[in-house]
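Have a look below at one chain only, the form predicted alone, in structure tokens format.
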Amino acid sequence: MLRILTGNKIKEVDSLEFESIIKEYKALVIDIGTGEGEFIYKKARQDKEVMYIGIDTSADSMLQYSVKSAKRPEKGGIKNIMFVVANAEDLPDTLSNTADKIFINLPWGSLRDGIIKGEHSFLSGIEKIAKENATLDIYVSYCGLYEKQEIENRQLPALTVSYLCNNLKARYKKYGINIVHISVLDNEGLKKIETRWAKKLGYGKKRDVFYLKCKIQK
């Protein structure tokens, strides 16, 4: 079952109902750790032929854009968006083999840790929800200059291209997730990611943001 936040209410949807909702769309995009949901809301408004799903553990975080999406079209309402209340470590089976594209934008806390350490609970979930040849885009950033205590407390590795290439690639590969491109963005690149958090970081202190483009081949 999926726990879907529609407006300000949570509704449970089974696999059959979910399939009937998404079948009319040409593709499905999932944003894991969507937070407020601003990123997928803007994406959904730009392409009405694609279904966009935001996943977050906090229904309260997604409430603003869930309510906005449920309004009449002239008030900003859209049909091709869904907000799912779920844990990234235990993604619902209903989503299995549905995603054509997956985003993880500037994760924090346990999601960030799992992604950057290549933990089974997170990578197996990504593998589960992805279709064959789905793409996965990850933007991640933390810095010893500004988050030293966080890095020490969470035992995070130094975030470098060397670590991503020499350590993370092999871990991802075990789950059919092939890292095909790695690049480093600056603050100007951060500003182009359509989330409030990205904009805040982009206009803040200078930092590097690492972008991983992946192809999923099970």
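Note that residue numbering begins at 1 and tracks the sequence as displayed. These numbers were taken from a predicted model, which means no experiment stands behind them.
The same protein also has a form predicted in complex with a small molecule, omitted here; what follows describes it.
Judged against the small molecule in the predicted complex with a 4.5 angstroms heavy atom cut-off, the residues Y25, M51 and D100 are out of contact without exception.
Contact annotation for A134: none of its heavy atoms lies within 4.5 Å of the small molecule in the predicted complex. Taking the partner from elsewhere, S183 is found to have every heavy atom lying beyond 4.5 Å of the small molecule in the predicted complex.
When contacts are judged by a 4.5 Å heavy atom cut-off, P107 counts as touching the small molecule in the predicted complex. Within this chain, S69 is remote from the site of the small molecule in the predicted complex, having no heavy atom within 4.5 Å. Residues of just one listed stretch (42 to 50, 159 to 167, 188 to 196, 175 to 183) have heavy atoms within 4.5 Å of the small molecule in the predicted complex: 188 to 196. Exactly one listed residue, out of V140, A88, C143, L123, brings a non-hydrogen atom to within 4.5 Å of the small molecule in the predicted complex: A88.
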